[in-house]
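Same protein, same chain, two forms; see structure 1 and structure 2 below, as structure tokens.
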Structure 1
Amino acid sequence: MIFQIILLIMLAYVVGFIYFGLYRNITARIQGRYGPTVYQSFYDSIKLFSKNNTVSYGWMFYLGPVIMATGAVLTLVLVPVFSDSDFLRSVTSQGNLFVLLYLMVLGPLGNALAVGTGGNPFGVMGVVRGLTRLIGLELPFYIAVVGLIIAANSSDIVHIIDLQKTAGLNIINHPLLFIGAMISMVGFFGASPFDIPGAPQEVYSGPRTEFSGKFLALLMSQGSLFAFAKLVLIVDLFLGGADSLVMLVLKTFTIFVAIIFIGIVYGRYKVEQAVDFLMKLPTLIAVLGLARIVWFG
């Protein structure tokens, strides 16, 4: 079991960083450049892990990235990666969607704890922005998830995956829920219309401003782990999961590329504009999807 968890984390680490490298390459190509090699993020990560921290604000400051990493790892472990195999099945069947939704908020909270200790105004501002944005992001996503739970009559992800094998994919059955969840997923990924907490032009990378060395590397790693976990979650919920590594990569990559494209071509909202938008359009779409499930099945 422990071996499987470590294997999973390593898999997610590698795939997450390769995705990040691909993200940088695709962005570069659209921008008319060659871009770095796909492995550049590995090099960055290794370089940062081998460096010392420049500033310290006590142990609470260091706890933040650790809490975030914990959240990411737990999310990763609880999301069923492969639908049919026994891989980690005994862990994932213990958790259900509600636990995951809680764990997904752990990241911003850890951020808030650490950055609050740091006292950097940009960091604090970034955290406040992040938490404000979270209100908007969670709403459509939670409504979509509630819709899926009602449709599957269960909050177990494994059950939701299994149901899609017989009843058809959720993306086809409940497209409105998918759109609502995807729009908020763009925000969860920090892609462009909603990349407000770490806006370099406004709050100078926000929460990450004070971190350096190993803890910045930890933040980067947890970011890529978490990104992978979120991609798998979306695939599990709407695309019927994946039974092999190839299918997993194919499905997650499709979702990932869609998010990249949105992130590239749009600018950044202001925080209240983002919340305003998220509470209107995606929420409306998700509510319509929910209503469709409740009244028409």
Structure 2
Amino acid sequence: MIFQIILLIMLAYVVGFIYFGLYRNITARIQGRYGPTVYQSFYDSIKLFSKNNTVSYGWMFYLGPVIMATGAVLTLVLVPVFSDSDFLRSVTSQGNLFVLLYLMVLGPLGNALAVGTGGNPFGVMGVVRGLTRLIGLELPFYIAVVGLIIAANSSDIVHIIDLQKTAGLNIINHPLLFIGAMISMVGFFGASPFDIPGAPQEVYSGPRTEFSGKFLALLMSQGSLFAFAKLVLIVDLFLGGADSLVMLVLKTFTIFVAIIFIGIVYGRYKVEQAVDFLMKLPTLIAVLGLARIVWFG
């Protein structure tokens, strides 16, 4: 099992960083720039792991990235990657949505603890923005997840995947829940119009202002792991999972491209605009989807 966990982390690390590189490259090309290479994120990560940190604000400053990385790894190992394969099945077959919803909050909390210790006004500003935005992001996503749990009569992700093989994909059966969850997912990825915590034009570099060296590399790595885990989770919940690596890449990349183009088309919201939008449109859509399940099954 330990060997499979290592393989899973390596897979998520590679795919996550490639997707991040594609995000930067595609965005640059659409905006008329060349942008960095797809593999630049790998180079940056390796370079930063070889460097020391320039500042220190105590043990909590270092513990924050560790908490974030722990949440990302635990989330990753509980999300089923391949639905019809024994590969990695023993690791990810115990995924429970209630546990995952709890683990997904560890990242923002660890970030807040570390950045708050540093006291940098740019970082604190980014954390406050991020936690405020998180309230709006969680509501429609949680409602969508609750709707799927009611529809499947189970919080087991493997059971939800298996049910879609006979009853049809949830993206077709429950499109309102999918729309509500996808809008939230754009925010969870930090894409525009919900990229207010680390908006570089406004707060320099957001919550990561004071991090450098190995801990900045750790933050980048956990971000790639978390991004992969969230993409796979959406695929499991609404697209019936994936039975091979090719199908996994195809489905996750489709969701990823949709997030990219949403971020390119729409400008950044202010904090209050983002929360107001999230508490209204996607929440209302998810509630309607939940009501449809409760009333009509």
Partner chain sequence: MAIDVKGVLSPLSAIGTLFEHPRTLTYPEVKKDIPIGYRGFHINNLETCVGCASCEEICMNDAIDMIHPDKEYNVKNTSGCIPRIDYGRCCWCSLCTDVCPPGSLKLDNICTHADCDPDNFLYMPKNHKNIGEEAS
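Rigid core (definition): largest C-alpha set, two forms, superposition within 1.5 Å. All figures in this text were calculated on a predicted structure; none of them were measured in a lab. All residue numbers here follow the sequence of structure 1, with the first residue given the number 1.
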Structure number of the form predicted alone = 2
task = Superpose the two forms on their rigid core, then report whether the C-alpha of Lys47 is displaced by 2 angstroms or more between structure 1 and structure 2.
result = no
note = Rigid core fixed, the Cα of Arg33 shifts between structure 1 and structure 2, in Å, by 3.0
